[in-house]
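One chain comes next, on its own, written out as structure tokens in the form predicted on its own.
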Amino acid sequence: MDIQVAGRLNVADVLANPKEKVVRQAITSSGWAKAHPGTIDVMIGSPSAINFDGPHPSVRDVWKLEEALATIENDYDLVLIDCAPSLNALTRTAWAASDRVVVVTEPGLFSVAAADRALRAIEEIRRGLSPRLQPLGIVVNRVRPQSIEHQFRIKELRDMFGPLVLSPQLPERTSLQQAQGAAKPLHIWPGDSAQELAADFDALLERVLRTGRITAPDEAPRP
């Protein structure tokens, strides 16, 4: 995301003390805005967040991120919360702070099963903790279009989840790993491969905004 972390707090500090002053000190601007108009900010991540990922979080702990984001949400049109691929406390904390969930999966047997578990867990959170929470869709990542196995698994996902499977699916590209390795936004990474994948991400964002009925009139979306 092309950010500077020196002198800033991070999400672990926010989860420990979800006050507005702490939240704002953990947010910094992203270099993504060099290629796109508008404001794109990032709450800085931290390995220390794992300390809040216990198997049996209290209700108070689960609501901490919602409490934190409520202090600054009026500054933004859209807030995206990126989660690790697990269903532990941190993921549930993120879901409690969210209106919609996008499930990211890959076209493999175990990933299809994991997507099913994730949707069941979303329903569990919706019924027991946050009635506003809804699944927005499933993004299929790291697709190799020529793979018969991948084609089969994508069909399986569509048979299981129907319109929840979003298009386009994201192809596997080395340019993405290269951009990640350099800690730079994909949208400013050189080469046709990177720009084609960036266009796929843009199309998915438009789908997410439309499906979630999230609008930002007369300006670009601002995560």
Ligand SMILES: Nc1ncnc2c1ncn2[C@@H]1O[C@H](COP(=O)(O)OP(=O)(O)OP(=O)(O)O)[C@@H](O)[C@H]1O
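Just so you know, these numbers come straight off a predicted model, no measurement behind them. Heads up: residue numbers just count along the shown sequence, starting at 1.
Omitted here: the form predicted in complex with this ligand. The next part is about that form.
Note on the interface: of 134-142, 72-80, 93-101, 119-127, the segment with non-hydrogen atoms within 4.5 angstroms of this ligand in the model of the complex is 134-142. For the marked spot (171, 176 and 180), a heavy atom within 4.5 Å of this ligand in the model of the complex is present in each of the three residues. Interface membership of residue 108, defined by any non-hydrogen atom within 4.5 Å of this ligand in the model of the complex, is ruled out. Annotation for 73-96: the only interface residue with this ligand in the model of the complex is 85 [heavy atom within 4.5 Å].
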